[in-house]
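Only one chain comes next, encoded as structure tokens, the form predicted alone.
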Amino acid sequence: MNSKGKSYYLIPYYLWIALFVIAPVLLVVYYSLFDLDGKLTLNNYVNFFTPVYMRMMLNSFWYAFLITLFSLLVAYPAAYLLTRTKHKQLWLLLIILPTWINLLLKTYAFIGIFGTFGPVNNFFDLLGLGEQQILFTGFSFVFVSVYIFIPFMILPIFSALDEMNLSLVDAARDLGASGWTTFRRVVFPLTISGVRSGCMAVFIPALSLFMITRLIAGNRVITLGTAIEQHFLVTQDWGMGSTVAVFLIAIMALFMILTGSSRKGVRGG
């Protein structure tokens, strides 16, 4: 088949990108140029650099970093154990299954679990610790977010570990390397591509969380995603909400570019 014939098969792909990626981004940029009264202005972009929005941006980065870090700390050992167990495909399926459940249902389930009369507080009562305020805290927000995102961190790391040449690990041990040295100098470098993919799959959506922040953390955690929700649904200031969304899209695109370029550098090296 010639190249002209192949290009016809790409038409649906290009149409999909144009209609569901480029067009929505351009529409968001368009709305960001109008104020609350519908007048053309650039004040929305000026207002974004005020301390309020800068604090929201720092909060977004900080919590996205924590969610990604804790997801990685849990997912890497879990993925490593999965590659060493029998029926690993079955265990992998059990890890994927929670992602098929609606996000809102899982969030409400944790409201019951962490609530005043939930099983966690009942357990604290048995220990004599009394009722604890778990909901509407930064801890509960990070915990629930990590639970939701862990499968997306495990999958690429598992894939990288499963494809790794185990003879290299055996060679390192035969040469006298300790378990930690083998992991640090052999295993982790060989699976760094899976770690990067997992971090990107968690960090990018964690930047724009708003439903979990509202239901689990209440008003204790305010991020850019929360600001967008407030502007579109409460204050009806679509211009400012779109402006926040434009910067959030730009940050995500920059993160993807940096991650992609570093991955190419590793391949090239």
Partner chain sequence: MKNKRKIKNKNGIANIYLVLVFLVLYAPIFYLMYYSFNSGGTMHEFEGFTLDYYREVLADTRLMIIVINTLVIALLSSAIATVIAVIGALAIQHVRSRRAKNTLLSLNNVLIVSPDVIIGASFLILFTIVGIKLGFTSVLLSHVAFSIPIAVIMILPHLQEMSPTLTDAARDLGATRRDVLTKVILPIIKPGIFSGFFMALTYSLDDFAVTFFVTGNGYSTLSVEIYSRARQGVSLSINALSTLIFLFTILLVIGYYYLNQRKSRQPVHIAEPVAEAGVPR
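Residue numbers count along the first chain shown, from 1. Note that the coordinates shown come from a computational prediction; the quantities given were computed from them, not determined experimentally.
A second form of this protein, the form predicted together with its partner chain, is not displayed here; the remarks below concern that form.
**Q** Wondering, does residue 48 line up within 4.5 Å of its partner chain in the predicted bound form on heavy atoms?
**A** Residue 48 lies outside the contact set for its partner chain.
**Q** Whether residue 171 contacts its partner chain in the predicted bound form should be assessed with a 4.5 Å heavy atom distance threshold; does it?
**A** The answer is no: residue 171 has no heavy atom within 4.5 Å of its partner chain.
**Q** Is there a heavy atom of residue 150 lying 4.5 Å or less from a heavy atom of its partner chain in the predicted bound form?
**A** Close contact exists here: in the predicted bound form, residue 150 approaches its partner chain to within 4.5 Å, heavy atoms only.
**Q** Examine residue 175 and determine whether its closest non-hydrogen atom to its partner chain in the predicted bound form is within 4.5 angstroms.
**A** No - in the predicted bound form, heavy atoms of residue 175 and its partner chain never come within 4.5 Å of each other.
**Q** So which residues in 78 to 104, when you check its partner chain in the predicted bound form, have a heavy atom no farther than 4.5 Å from it?
**A** Residues within 4.5 Å: 78, 80, 81, 82, 85, 87, 89, 90, 91, 92, 93, 94, 95, 96, 97, 98, 99, 100, 101, 102, 103, 104.
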